[in-house]
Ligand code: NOJ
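In structure tokens, one chain follows: the form predicted alone.
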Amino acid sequence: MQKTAMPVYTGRMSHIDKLIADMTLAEKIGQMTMTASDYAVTGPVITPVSEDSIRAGVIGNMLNLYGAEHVQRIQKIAVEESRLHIPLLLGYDVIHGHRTVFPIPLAEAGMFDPAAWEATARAAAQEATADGLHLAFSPMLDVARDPRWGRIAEGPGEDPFLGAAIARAKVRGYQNLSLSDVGAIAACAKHYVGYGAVTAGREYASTDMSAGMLEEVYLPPFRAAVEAGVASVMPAFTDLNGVPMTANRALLRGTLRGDMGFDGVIVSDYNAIAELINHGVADDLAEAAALALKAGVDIDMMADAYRRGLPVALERGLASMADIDDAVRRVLVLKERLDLFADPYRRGRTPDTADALARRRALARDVAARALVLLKNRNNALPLGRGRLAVIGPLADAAGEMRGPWWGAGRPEDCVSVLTGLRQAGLDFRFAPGVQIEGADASHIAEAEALCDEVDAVLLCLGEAATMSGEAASRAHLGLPGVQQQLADAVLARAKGKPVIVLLFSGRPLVVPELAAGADALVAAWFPGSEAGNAIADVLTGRASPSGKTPISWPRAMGQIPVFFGQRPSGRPFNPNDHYTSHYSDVDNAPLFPFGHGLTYGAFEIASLRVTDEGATVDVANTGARAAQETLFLFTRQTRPGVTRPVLELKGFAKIALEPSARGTVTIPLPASTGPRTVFVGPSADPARLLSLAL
């Protein structure tokens, strides 16, 4: 794919060159330094010490400062009171929304809808720039196949093709047609590269993989982001094959800047340059700073390594002024692309309108409903019929938890809880939490299960707290926290044949095979965001048909992890009639739910796979009683390529919406290829549901 070129600002380059020539060493390093604001009860603030540093020109970039009033005040110091009048670059973790919180990225990935991914990024950019921000530390593009890793919540799931599609859409959404647009925010593709493969799913641990695995699985989303014109890239905290990414010259200067042609800003992760000392590759800050600079890192986030280490590194001959000037130039060019020199106050000058907020809330409701995944629906337990409902569980009345991790500037009081959504939908229900999300107090379980006697159906709201996923939230046990399983067992036993619907809130697949077996309906609600309760009520009542899919294979047992559809074949593939083939002796090989699994309120059948110049085409019929939308996937398998290839490789996906009894066709473009291959099309990666055609 052709890279989308960033505009060349030849008219201002002389201005940037003159600035660099006029700078002292301290001012240059200031442009390479990013410092966080402090935080008070009233919001983000700047201390007098930081104000003096900005005035002196030794801090050129900040994070965690937002809000028009705060931003305008601190920008004025940089622009009007510093010697060179260089505006600040302000960044923030705008991960899945800003003021309006959208579903977590893993949930959004399951929509398989580039237009929706772009729309939520565009909405987040509009809110963030109205708060004075210039840089979003997003999208997170780490392919991950181990749900023990908490940051799987922030990424695209297990597949590189899906990750690349998300990368393109998110960069378009954040950056709009031009970074100079007042509502555009610079995107930052992170964490380059391999962070999602940390050992045993443990946060910040080492990564180790073959060159082929790196190229085929972990690099494609970043290549796509660069091709889309992403403005910045953040290296991972972790090492890869023994070389910390913050000092990985081969992958930063060689692959990223050289092979991919990335010419934007590389910004370190929080304190990552100083942590090169912990990695054991640097003895002090001077060596750490020199290693990061030589690798191509332009901005030091929160380590103060460049300010304290680079002057010493220059004296020792470990760093060069040419590399410093190159880094400063890239930072200033980004500020120029954002139009900060021409008008440093334009982002944050115009307050958000009530109409704009209402439109974004409507988008959040629609996207949240479409991100829910109906994993199971025995005997059509959903949508709910008329009657009284028992709502049980600690996540039912937990508006703040609906935001999930990395909720930006979203406030808990602005989120809709499950109870509020059900109430606004006019449902008749009784509620008891039964237990807390965590903790061992089971004394209120009897009170909760007693509600089952008074109702026609039961809604169990279970899962993780928002902070149990995300950074530094790896979990070795992926069952329900606390005594929630005890509550679930009691309710399932007491319901006595009444439908039990489980809403499972989490930032990752949870290993809950007993719960999945006992429930009549199971919904992966993830963390749906600001409009959670309303979106859930829309799906439960049938106002919206679920259409979300799992962007990651859902394990049935901890011992299966990592389980993913793109595994390579074995010389002894599983054969139930042969003990000496690849299998577990105590559990099925297959995941509990495959990649792409997700039910609707319709019933879709596909037939007649054929391949033409336009792509792979199938006939689709909705034989169900309700209108619904289905997502179909195109997989291929290469045969005899000289090396072993995965049994399935995702190459495309498409959607079709059909009324009851309606028929249609779906065509998915098929990438060109040399050599024989087999094409598969179906509603998931479950081999039993795929049509195949050998080419």
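Computed from a prediction, not measured in an experiment: that's the story for all the values here. The first residue of the sequence shown is number 1, and the count goes up from there.
Quick note: we don't show the form predicted together with the named molecule, though the next part is all about it.
Student: Is it the case that residue 487, even though its partner is missing from this view, gets within 4.5 Å of the named molecule in the model of the complex, heavy atoms only?
Tutor: Residue 487: no, not in contact with the named molecule in the model of the complex.
Student: Test of understanding: in the model of the complex, would residue 595 fall inside 4.5 Å of the named molecule by heavy atoms?
Tutor: No, residue 595 is distant from the partner.
Student: Can residue 234 be called a contact residue for the named molecule in the model of the complex at 4.5 Å between heavy atoms?
Tutor: Taking the distances in the model of the complex, the answer for residue 234 is yes, it comes within 4.5 Å of the named molecule.
Student: Can you check whether residue 584 is within 4.5 Å of the named molecule in the model of the complex, heavy atom basis?
Tutor: No - in the model of the complex, heavy atoms of residue 584 and the named molecule never come within 4.5 Å of each other.
Student: 304-312, 477-485, 185-193, 68-76: which one contacts the named molecule in the model of the complex at 4.5 Å, heavy atom to heavy atom?
Tutor: Heavy atoms within 4.5 Å of the named molecule in the model of the complex occur in 185-193.
Student: So which of 63, 650, 666, 658 gets a non-hydrogen atom within 4.5 Å of the named molecule in the model of the complex?
Tutor: In short, 63.
Student: With the named molecule left out of view, choose which of 360, 223, 151, 347 has a non-hydrogen atom within 4.5 angstroms of it in the model of the complex.
Tutor: The residue in contact is 151.
Student: Residue by residue through 264-281, tell me which have a non-hydrogen atom within 4.5 angstroms of the named molecule in the model of the complex.
Tutor: Counting only heavy atoms within 4.5 Å of the named molecule in the model of the complex, the contacting residues of 264-281 are 269, 270.
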